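Listed next as C-alpha cells is one chain, alone, in the form predicted alone.
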C-alpha cells in the first residue's frame, strides 16, 4: 500500500510546516507542504489529499489576531472545498496557529484568546488523552503525551465545556499545570464527527526520542507525540 498523500498548509509567518511534514512522514504519510496562496489558486490539490494539516507559527505576524488573516484567506477563497474535505471524513489537524485557524473558519468549536496571565508561554507540558473522546487522532492512546507549547494566545474559550465533554469533543487536556487558563484545562478539541483535531501544544516537536529535554536520562520516551500522527495517517490510509 502506498503512503497516503497529505497536504501541510503553510502561510506567511508559519514556522512549523517542516516539523509537521516530518511527523507525518515518520507516521507513514507522503506529505507535501503547500503555501496557502498556492492552495487558494489551486483548490484541486485537495482532491487527491487524504489528510490535511495546518501548520503552527505566526501567520501574518498574528496581525489583527492570531490566525485571523490566514483563516480569512482560506474561508473566503476555498471555504466550501475545506468543508467538503471535512465532510468526507478525511483527517484534519491544526496545531497552535493552525488550531486558531480552524476555530476561526468554524471547522472547530470555541475560540482562542490571550493567555490568562498575559505572557507568552514556551515550555513542555503533559497532555492527557480523553478516553470518552470520539477523536480519531487520539483513539486508543492511553499514555500521556509530552510536548512543548509556544504561544501567547492559547487560552481555549467555550461557553459550555460540559456539553463538549458530553459530545466527546474534548480530545486532550493539560495534565500538568494549565499554562494559559483554558477552560476545563482543555488543550485540544475535535469536531462532532471526530476527524478534525485542533490543539495548542506541538506534538510534531516530539516525534523522536532525542527531542525530549530529558532524553539522556531515558525520560519521556514512552510519551511521543508521534502516536497522534500515526492514528491520523492510519485513518487516512483507509479513505
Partner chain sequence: MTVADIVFVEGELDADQLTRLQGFLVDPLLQTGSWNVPAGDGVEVTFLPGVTDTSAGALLHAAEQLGVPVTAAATGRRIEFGDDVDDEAAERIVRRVVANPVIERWSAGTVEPTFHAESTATGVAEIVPIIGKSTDELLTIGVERALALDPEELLAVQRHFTEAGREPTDVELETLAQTWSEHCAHKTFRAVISTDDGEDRPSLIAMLRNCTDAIDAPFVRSAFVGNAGIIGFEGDTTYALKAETHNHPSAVEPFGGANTGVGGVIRDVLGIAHRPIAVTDILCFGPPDTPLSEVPDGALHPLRIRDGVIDGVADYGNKIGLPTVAGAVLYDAGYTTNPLVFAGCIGVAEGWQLHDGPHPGDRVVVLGGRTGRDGIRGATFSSLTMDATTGEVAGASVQIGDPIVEKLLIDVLADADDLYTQITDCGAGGLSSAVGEMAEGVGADVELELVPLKYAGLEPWEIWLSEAQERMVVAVDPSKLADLQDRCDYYGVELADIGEFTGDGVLTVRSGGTPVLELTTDFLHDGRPQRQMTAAMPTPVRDAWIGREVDDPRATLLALLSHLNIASKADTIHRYDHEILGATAVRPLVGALADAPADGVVLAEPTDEVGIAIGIGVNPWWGLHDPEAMAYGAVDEAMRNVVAVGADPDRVALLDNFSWGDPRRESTLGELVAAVEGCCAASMAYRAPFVSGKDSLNNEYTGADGKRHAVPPTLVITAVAHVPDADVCVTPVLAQPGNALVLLGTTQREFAGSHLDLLLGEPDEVGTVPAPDPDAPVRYRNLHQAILEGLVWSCHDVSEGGLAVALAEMCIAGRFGAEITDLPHDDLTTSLFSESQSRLIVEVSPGDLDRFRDVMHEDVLVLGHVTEGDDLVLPGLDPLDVEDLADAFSRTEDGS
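Numbering follows the first chain given and starts at 1. For clarity, every value in this text was computed on a predicted model and none was experimentally measured.
Omitted from view is the form predicted together with the partner chain, to which the following refers.
The shortest heavy atom separation between residue 119 and the partner chain in the predicted complex is within 4.5 Å. The partner chain is not drawn, but in the predicted complex it has a heavy atom within 4.5 Å of residue 60. Though the partner is left out of this view, residue 184 does not reach within 4.5 Å of the partner chain in the predicted complex, counting heavy atoms only. Although the partner is absent here, residue 132 lies well away from the partner chain in the predicted complex, with no heavy atom inside 4.5 Å.
Here the chain stands alone, but in the predicted complex its contact with the partner chain, taken as any heavy atom within 4.5 Å, falls in 29-37 among 29-37, 175-183, 191-199, 47-55.
A heavy atom within 4.5 Å of the partner chain in the predicted complex is found for one listed residue only; from 89, 144, 148, 168, this is 148. For the candidate spot formed by 72, 123 and 205, every residue has a non-hydrogen atom within 4.5 angstroms of the partner chain in the predicted complex.
Counting a residue when any of its non-hydrogen atoms is within 4.5 Å of the partner chain in the predicted complex, the hits in 205-219 run 205, 208, 210, 211, 212, 213, 214, 216, 217.
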